[in-house]
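In structure tokens, the next block holds one chain alone, the form predicted on its own.
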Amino acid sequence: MRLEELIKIIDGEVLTKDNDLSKEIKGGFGADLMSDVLASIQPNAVLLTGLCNPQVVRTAQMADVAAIVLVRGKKPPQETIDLANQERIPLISTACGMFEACGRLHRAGLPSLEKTVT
């Protein structure tokens, strides 16, 4: 699924600039614990989270995340947006809650990229 399609599905607002909206998103992962993200996410996923601090962008960078979606209409501090711009990771906000955003994307055919932690 292309990023631009994902944004339409969740009625998202892009917060970063110079984004490649044709970027291919391979799947999704929803979590608020960044340790879960690092342990379970697979590359090229979109990360859905309720956290807005710069640590989200740092975690996404280490985990090779394709884009970050902030749920529940959250707006991050400028520091987070600046870091996402610097790292060229699209940052999107949606009014949808975590459950609804994940459901919309999964229903549209986006698979889970959460691997089992043993």
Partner chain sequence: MRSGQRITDELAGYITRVEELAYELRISEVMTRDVKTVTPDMQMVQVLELFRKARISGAPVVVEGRLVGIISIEDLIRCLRGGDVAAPASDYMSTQVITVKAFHPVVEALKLFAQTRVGRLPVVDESGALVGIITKGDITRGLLRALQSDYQEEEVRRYRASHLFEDIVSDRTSLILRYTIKPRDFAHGGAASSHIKRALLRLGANPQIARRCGIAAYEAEMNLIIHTTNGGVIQVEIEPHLITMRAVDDGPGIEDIELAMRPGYSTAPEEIRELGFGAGMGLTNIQRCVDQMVLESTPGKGTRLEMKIFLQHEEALKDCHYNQEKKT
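Since the structure is predicted, the reported quantities are computational estimates derived from the model, not experimental observations. Positions refer to the first chain, counted from 1.
Here the subject shifts to the form predicted together with the partner chain, a form of this protein not shown in this document.
- For a residue to qualify, one of its non-hydrogen atoms must sit within 4.5 Å of the partner chain in the predicted bound form; none of 20, 66 and 112 qualifies.
- Heavy atoms of residue 73 never reach within 4.5 Å of the partner chain in the predicted bound form, leaving it off the interface.
- With a 4.5 Å cutoff on heavy atoms, residue 58 counts as touching the partner chain in the predicted bound form.
- Contact annotation for residue 36: at least one heavy atom lies within 4.5 Å of the partner chain in the predicted bound form.
- Put simply, residue 82 is far from the partner chain in the predicted bound form: not one heavy atom of it is within 4.5 Å.
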